[in-house]
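Shown below, as structure tokens, is a lone chain in the form predicted alone; questions about how it binds or moves come after it.
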């Protein structure tokens, strides 16, 4: 993946590189812990399967949001700044699944001086399961000197 993506490198309709990640129980548990989500369905197999009728513990929403942000910033590099994200969960991600992130650029727009907005649509699948649909907007610099992280006030309007 690119380490310092510039706006001129981005074309509408372009596909982002695929990211695949095997989900282990620790992936689910540490994500829940990091977001202070102590609900037992995210760390207690017996509770998840016997009380909730699930096949296993499953990834929580903040953990999924973090994975989407990682996917986007792996693509843009450290100057990519997430402006907004929304997603709709359709199926659960369990240990043993392999998450597959596939994105596509759906729009490009000028933002503040030296910075542009890139709109991206992302599908997260696991095997045959269509798990999460995501729409995101990320700020990308036009030049190596520009930095979306320095935008403040009226210049930051995702």
Partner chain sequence: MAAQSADDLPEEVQSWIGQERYTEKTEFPIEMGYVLTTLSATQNGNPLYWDEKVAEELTDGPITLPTMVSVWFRPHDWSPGRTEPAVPLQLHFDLKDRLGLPEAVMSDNTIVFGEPIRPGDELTTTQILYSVSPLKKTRVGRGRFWDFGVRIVNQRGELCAEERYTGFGYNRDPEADADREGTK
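Residue numbers count along the first chain shown, from 1. Fair warning: this is a prediction, and the values are worked out from it, not measured in the lab.
Another form exists, predicted in complex with its partner chain; not displayed. Remarks below refer to it.
Student: Would residue 62 count as a contact of its partner chain in the predicted bound form, using a 4.5 angstroms cut-off between non-hydrogen atoms?
Tutor: Yes, contact at 4.5 Å.
Student: Flag residue 129 as yes or no: does it have a non-hydrogen atom within 4.5 angstroms of any non-hydrogen atom of its partner chain in the predicted bound form?
Tutor: No, no contact at 4.5 Å.
Student: So, residue 108 and its partner chain: in the predicted bound form, are they within 4.5 Å at any heavy atom pair?
Tutor: Outside the cut-off, so no.
Student: For residue 46, is any heavy atom within 4.5 Å of its partner chain in the predicted bound form, or not?
Tutor: Looking in the predicted bound form, residue contacts with its partner chain do not include residue 46, since no heavy atom lies within 4.5 Å.
Student: Name the residue from 98, 121, 55, 35 that puts a heavy atom within 4.5 Å of its partner chain in the predicted bound form.
Tutor: When its partner chain is considered in the predicted bound form, the option within 4.5 Å is 35.
Student: Within 4.5 Å of its partner chain in the predicted bound form, do we find a heavy atom from each of 104, 115 and 155?
Tutor: So, no: the whole triplet misses its partner chain.
Student: Give, in sequence order, every residue of 128 to 154 that has a heavy atom within 4.5 Å of its partner chain in the predicted bound form, or say none if there are no such residues.
Tutor: Heavy-atom contacts to its partner chain in the predicted bound form: 147, 149, 150, 152.
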